[in-house]
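Just one chain follows, in the form predicted alone, and it is written as structure tokens.
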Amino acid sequence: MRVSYPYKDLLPGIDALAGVMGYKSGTAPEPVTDLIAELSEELLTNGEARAEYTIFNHVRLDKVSRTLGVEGVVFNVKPIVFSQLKHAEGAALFICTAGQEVGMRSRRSMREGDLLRGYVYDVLGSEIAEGAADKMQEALRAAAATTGMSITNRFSPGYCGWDVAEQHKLFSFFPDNYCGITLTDSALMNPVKSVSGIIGVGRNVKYEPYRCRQCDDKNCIYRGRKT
């Protein structure tokens, strides 16, 4: 399944974006909120996010090694992710991206010495990518529900102990790559504002919040997220 979303459907409000930057509701100074409003408005006419996912109806779960096999490819997802996927009958592999534009603007602003502008672009890019992943996930949830299935939350290489190097395995399932994402040798995605991962599908899986208390990654972007 391939989908696209205009930026205007993905960006939250100014107060929510300020919250991502660390401000409590209503406390962000006017120069910051004005810049958020300016750059958000600027981006509304400058592109769309893309996402795609593929559902595999049969997976192999190994409780001893904490691995998940998809068509002969074994993902060493590690205990935290495995605990959420262990009842899955199938899996959806996905990739999505905010595209190159917002990242380019962030880097250009940083090079020119406007660190605040560069940082706000960076926050907007992250929220666009995560917003696209949220919408893709909701589309998958609706599709699964038509066949009596449920889904888990989404999990990405590089988080919850899952080695980021396994991006290469995941991307092998997207040879045509509608999203246009490339990987470095160290498995980092380009554009940077991109998300990839796996979602469990099955009759007995549950959609649960991220188990941040079980994970020692204090800088994880999903820490504290409800979805």
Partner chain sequence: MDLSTGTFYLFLTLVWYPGKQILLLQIVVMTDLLERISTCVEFGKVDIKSPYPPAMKGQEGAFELTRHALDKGVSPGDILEEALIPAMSRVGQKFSRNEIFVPQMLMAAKAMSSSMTHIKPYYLSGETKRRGTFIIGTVRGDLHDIGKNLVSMMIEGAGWEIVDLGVDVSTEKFIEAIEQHPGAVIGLSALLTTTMENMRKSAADLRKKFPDLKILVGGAPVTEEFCRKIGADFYSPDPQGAVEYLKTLS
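Numbering follows the first chain given and starts at 1. This is a predicted model, so every value here is computed, not measured.
There is another form of this protein, the form predicted in complex with its partner chain, and it is not shown here; the text below is about that form.
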Options 60-68, 23-31, 42-50, 170-178; stretch whose heavy atom lies within 4.5 Å of its partner chain in the model of the complex: 23-31
Selected contact from 86, 78, 141, 107, since only one has a non-hydrogen atom within 4.5 angstroms of its partner chain in the model of the complex: 107
Any non-hydrogen atom of residue 114 within 4.5 angstroms of its partner chain in the model of the complex: yes
Heavy atom of residue 55 within 4.5 Å of its partner chain in the model of the complex: no
Distance check, residue 37 to its partner chain in the model of the complex, heavy atom within 4.5 Å: no
Touches its partner chain in the model of the complex: residue 122 (any heavy atom, 4.5 Å): yes
Full three-residue contact with its partner chain in the model of the complex, heavy atom 4.5 Å, for 92, 145 and 150: no
Contacts with its partner chain in the model of the complex, stretch 171-187 (heavy atom within 4.5 Å): 184, 186, 187
